[in-house]
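First, one chain by itself in structure tokens, the form predicted alone.
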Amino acid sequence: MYDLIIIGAGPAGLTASIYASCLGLKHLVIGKVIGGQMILAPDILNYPGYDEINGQDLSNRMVQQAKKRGGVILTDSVINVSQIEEGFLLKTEQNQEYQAKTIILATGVERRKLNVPGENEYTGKGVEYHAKWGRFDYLGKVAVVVGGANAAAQTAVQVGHSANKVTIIYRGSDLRCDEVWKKHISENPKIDELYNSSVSEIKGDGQKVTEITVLTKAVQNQTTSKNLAVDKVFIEIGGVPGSALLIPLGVTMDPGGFIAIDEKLATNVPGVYVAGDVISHRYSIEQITSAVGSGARAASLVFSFLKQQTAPTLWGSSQIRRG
């Protein structure tokens, strides 16, 4: 019986493990992909302490620190969570069972993909699913943003500050974003919109993206095809939260499938906490910094739940609990 099992090994789950170790909680981390979506980031410029670091290196450092503090990380996938008298029973894809008094769900959000040729091959080589804040390599580039809601519009505006040209490609006849984003787009002459269109293929030279094929529905449902030379392809068509595991427990979710929580990151089911991008958007900004913050807070709140006392402040080794 563990004090805590953390489901998910991205930045939120790994941070929760670090804090759980420091707080003396017997715990386990179970994740299908160690590092989560973070490992897809080719470079990260806005994580405190690093001028620039790629996602895989940052993940490796987090894993190393979690293990050094005493965390145990298993590469496996939890497929079922049920309540038992003492807490929760977890079953995994590798036919293992684990029991815990509490759980933290940190499964994040899996970005929706176009599922077109070249997408997987050029992910991290020009294909991205979220524009990073403070990126300077947009300067002089030609980019396309696929999508029509707020995330796509915000990305177009952000990239449009420094790129030579940005084209929004959307399958609908008008953007679905808020009016404020439409205003920003209309005021930037470098941003164009291409409606009733979709990307059918992403091409490159083996090292980076060089062009895309775009299909556009014309009059009388005729479809035209053309190639566009591009440097960057931002796919902003939403994401699927990894919250389905908690449905059998009766955990409350918002209309988008994200988990509803209170100010303590607690769900409506006692002993169940969440961290990272799987949290309702009210508390998450889909950034690594946001994820690690919620992971630390969730571990501290688990401690308080189990020990019925406020979690201690953790800074140096003199404050770390020993069991």
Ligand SMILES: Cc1cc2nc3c(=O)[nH]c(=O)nc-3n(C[C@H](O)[C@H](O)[C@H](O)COP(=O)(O)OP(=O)(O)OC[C@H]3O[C@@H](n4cnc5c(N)ncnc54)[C@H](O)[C@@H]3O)c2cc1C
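All residue numbers are counted from 1 along the displayed sequence. Values in this document were obtained by computation on a predicted structure and should not be read as measured data.
The same protein also exists as the form predicted in complex with the named molecule; that form is not shown, yet it is the one meant from here on.
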- [ ] Could you tell me which one of Ile261, Ala66, Val272, Met38 places a heavy atom within 4.5 Å of the named molecule in the predicted bound form?
- [x] Met38
TODO: Determine whether any heavy atom of Asp57 comes within 4.5 Å of a heavy atom of the named molecule in the predicted bound form, and answer yes or no.
DONE: no
- [ ] Spell out, yes or no, whether the shortest heavy atom distance between Gln287 and the named molecule in the predicted bound form is within 4.5 Å.
- [x] yes
Open item on the list: Within 4.5 Å, heavy atoms only: does Ala291 come near the named molecule in the predicted bound form?
Closed with: yes
Open item on the list: I'd like to check something about Ala9: if you look in the predicted bound form, is any of its heavy atoms closer than or equal to 4.5 Å to a heavy atom of the named molecule?
Closed with: yes
Task: Heavy atom contact within 4.5 Å of the named molecule in the predicted bound form, the stretch among 196-204, 73-81, 165-173, 151-159 - done: 73-81
- [ ] Quick one: name the residues from 155-187 with any non-hydrogen atom within 4.5 angstroms of the named molecule in the predicted bound form.
- [x] none
